[in-house]
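Following this are structure 1 and structure 2, which are two forms of one protein chain, each written alone as structure tokens.
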Structure 1
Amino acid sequence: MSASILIINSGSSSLKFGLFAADSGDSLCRGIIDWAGETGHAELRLTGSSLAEFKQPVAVRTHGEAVDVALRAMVETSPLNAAPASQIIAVGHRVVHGGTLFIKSVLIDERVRTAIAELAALAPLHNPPALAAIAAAEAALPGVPQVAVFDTAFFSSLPPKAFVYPLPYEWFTDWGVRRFGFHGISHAYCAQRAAEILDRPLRDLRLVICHLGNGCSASAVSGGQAVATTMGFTPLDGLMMGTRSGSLDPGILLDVQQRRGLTAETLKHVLNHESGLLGVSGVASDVRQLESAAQAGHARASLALEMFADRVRSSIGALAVTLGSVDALVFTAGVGENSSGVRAAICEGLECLGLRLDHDRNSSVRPDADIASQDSVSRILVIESREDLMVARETSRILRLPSHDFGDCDNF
């Protein structure tokens, strides 16, 4: 079997992974391991190129353990006949925060690891797991080159008016306080895929892309370049999310510190883990559970979903004005791809932007597809987010591997 590229995407308590053929770009297998806190209980799910699926409970407590389990499943026990371990010639990692130092993908060395660690304060849920996965992959595959692909890189094209905050300018020049933007790998892929679906050059398109999962962000992309995004200095900014607050009045934080005695550490935990859909509903951060609760008459679950749709809709409007017009609105990631109810709620009132939803298409769609009505001036697309494919493309490009079918990465 041909040589392969291993792709690793480290979440706060999950590990997504996959193998791609280095010569053709074909996906050999994809998988995920989810674990809950410190219980050690997790499930491995592995899907092969034939779409056959393998599931198995596994004992995992750390990202390092998860990498070892993933490798054994893919290349040793090989339930789906993936490539053997000796064939892995490169490893690509999604890394959330690259700051201003990494505006392109890079080969990982000690300097890069140190910089990723220093940026962990700005992405505490993601950069440390990425470092753990890098170390585990290096131990399991000694001598195999590893590449870091940064979520922030796609937003390095933001103009100053979009990345400078209205704070004392010295905070930007001296302390590096600025908008970075996140989910860039997903936004970059969706921009390219939208051009393919619409059969139009990416350079001619103005897109609003909504990455809606447990973490959420929206971007304005013009000619393949990001010109605005909702996430900011950290992944806390912007849209309401599963457990994160998104944008709010900073005076609230000052008030609860001064009058209620909340510490900075407590606020950090609340804003990251106890806010958003979970905080408002008191039920769950998972949209599927909230939709079930709302249908059963749970008022706070309904309110959380209404607030979520309203905030996304407002951001779409702002981004559309930034672009001047919209050729297509894109929904992607777990919620964006799978919740027809959320998409419908968000699209209510967007007719003024030339975006008219076809409700029948929306209710039965599978990515990748157009769910706009025939008379809609602009298109509404549902696109499967393929961060793994983008990381594979970038890894191949950085290492100059003889790949032929990974696609064009010029706009990333």
Structure 2
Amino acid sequence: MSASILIINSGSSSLKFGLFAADSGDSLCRGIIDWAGETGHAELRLTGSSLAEFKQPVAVRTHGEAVDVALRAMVETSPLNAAPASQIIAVGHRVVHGGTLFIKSVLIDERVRTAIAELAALAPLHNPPALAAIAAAEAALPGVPQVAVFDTAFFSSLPPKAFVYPLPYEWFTDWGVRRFGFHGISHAYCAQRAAEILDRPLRDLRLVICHLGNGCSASAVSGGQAVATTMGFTPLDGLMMGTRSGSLDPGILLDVQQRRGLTAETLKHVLNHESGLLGVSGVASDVRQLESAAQAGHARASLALEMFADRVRSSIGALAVTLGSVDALVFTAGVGENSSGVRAAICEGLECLGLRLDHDRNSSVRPDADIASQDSVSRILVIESREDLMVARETSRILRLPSHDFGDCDNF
């Protein structure tokens, strides 16, 4: 059984995990444990290259418990092509917030752990779960090196004009209020993958990348470096999302506090959980449900989808202008990979940027693929989001494992 790299992605009440062969970088298995609340009822799902999807109810209340359950599941299913825990020689974690301190992936030690804990104030739902998973992995796999890969790191290349807000400058210097950008692991992966698909050096490419999942963000990437992004100081900024508002007139927030008596705590909840596609449609945050509702004549579902596409299209325009030209537009994540309707709506009018969709290719695409028409000046790519692979590559690179050259990570 070959040595493997375990990767862990700790969400607010979920743990995604996977094993990669340390020599080749091949994916051996991937899984997810989802839980909500204090009930302890959770579901484990596991798939592997020679393993049909395996589902099992599990008792999990914390990220620490989830790591133990995940490791046990992989050991127990190891005859079906996952590697046993004893063979894990490295662990890689996705960590949401690296602030300005972590502009590259790092080997985790006490100092790194303390810094991630201090950054929890900026990412209260995400950094603490990552720390809990790091502690659990260390307890279960003593002495195995662990690497942190940060979602903010890819955007450390933003120039000041892109990360300073038009607020009193002291808010930036004294309070650290600035754009960080998120989803960076996904954007970095897509940039590298786009270069592979186009068979051109990344340093020559100008890309606009749209990560459209429950959370949504778009970025402009020039020569492998991020130069602009829509997410900001928090992941609430930018595009309209499943339940998050995205960018707003800040005057609205002042008005509802002053005249409607909404507290900061209520606003935080509404902007994060009751806005976006869900807030406008009143139906769902899930694009599949909205598309069905819209087809059945639900006017607010149609409006929500139109607004979503309109806002993504406007951002693509702005990012393209920042770049000067676009070699490829990339769609990734749940909505970007799966909804041909949303992609078609977004691409309407993008011919002015040299981006012309092939409607047949768009409706039958299986990522990774090019869905631009033959005569399109620039390409339109659909790329499967592989944050897990990117974390494995980074872990391998930082630890100089045999597979460290299985990806071109120089820009990350």
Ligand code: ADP
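Bear in mind that the values here come from a model prediction, so they are computed numbers and not experimental data. Superpose the two forms; the largest set of C-alphas matching within 1.5 Å is the rigid core. Just so we're on the same page, residue numbers count up from 1 along structure 1's sequence.
Between the two chain copies, the one drawn from the form predicted on its own is structure 1. In a rigid-core overlay of the protein, S376 has its C-alpha displaced by under 2 Å between structures 1 and 2. Core-superposed comparison between structures 1 and 2: the CA of C347 stays below a 2 Å shift. E274: CA moves less than 2 Å between structures 1 and 2 after rigid-core fitting.
Per-residue C-alpha deviation between structures 1 and 2, core superposed: S12, 2.5 Å.
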